[in-house]
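Consider the single chain below, provided in structure tokens and representing the form predicted alone.
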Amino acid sequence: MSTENKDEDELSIPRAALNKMIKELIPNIRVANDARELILNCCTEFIHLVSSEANEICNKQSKKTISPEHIIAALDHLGFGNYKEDAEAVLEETKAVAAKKRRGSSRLENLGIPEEELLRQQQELFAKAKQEQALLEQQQWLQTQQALQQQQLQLPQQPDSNEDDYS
């Protein structure tokens, strides 16, 4: 495999993702393999074109990161202004999904357990852990006391210093 073919493979949309999109968009139509390849190349070229234009816009503004606004401006500059509304709608949807993920609410919503019940279970677990910790500390204290008693029993009885006869 030459390095040119390797570079093309690395800069391409995964075939599985493309096949899934085709199947979802036109489920009742068969698409030939060479047509799929052409779609893949067109998608890759489109992405390259838009990202290159967005990069130029970004550089002109002395920015180092391409933002969604740069992409939308690139669509306009390249004559794809009619996609602007769709792109903005997808951007808003993506932001909403990202915000939902950050909140972590989707995981809680998928459990099907009310938040109040989850809170009650959490408090129950905290109480149980606290009780177990107290029991453990009590056992450690008792073991320490027993060890001290054992040490005291093993020490030889020494006479009281007041009873020493110095005469």
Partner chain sequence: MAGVEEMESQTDDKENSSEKIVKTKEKNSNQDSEKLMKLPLSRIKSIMKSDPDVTLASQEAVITIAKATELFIWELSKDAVHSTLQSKRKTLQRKDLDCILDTRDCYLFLEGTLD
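Numbering follows the first chain given and starts at 1. Model, not experiment: these values are computed from the prediction.
In what follows, reference is made to the form predicted together with the partner chain, a form of this protein that is not presented.
Only one of the listed residues (Arg103, Lys60, Lys130, Arg30) places a non-hydrogen atom within 4.5 angstroms of the partner chain in the model of the complex, and that residue is Arg30. Among residues of the shown chain, Asn41 is one whose heavy atoms approach the partner chain to within 4.5 Å in the model of the complex.
In the model of the complex, the partner chain stays beyond 4.5 Å of every heavy atom belonging to Gln121. Residue contact with the partner chain in the model of the complex: Leu153 places no heavy atom within 4.5 Å of it. Looking at Glu45, you'd find a heavy atom of it within 4.5 angstroms of the partner chain in the model of the complex. Contacts of stretch 42 to 71 with the partner chain in the model of the complex, defined by any heavy atom lying within 4.5 Å, are made by Cys42, Cys43, Thr44, Glu45, Phe46, Ile47, His48, Leu49, Val50, Ser51, Ser52, Asn55, Lys64, Thr65, Ile66, Ser67, Pro68, Ile71, listed in sequence order.
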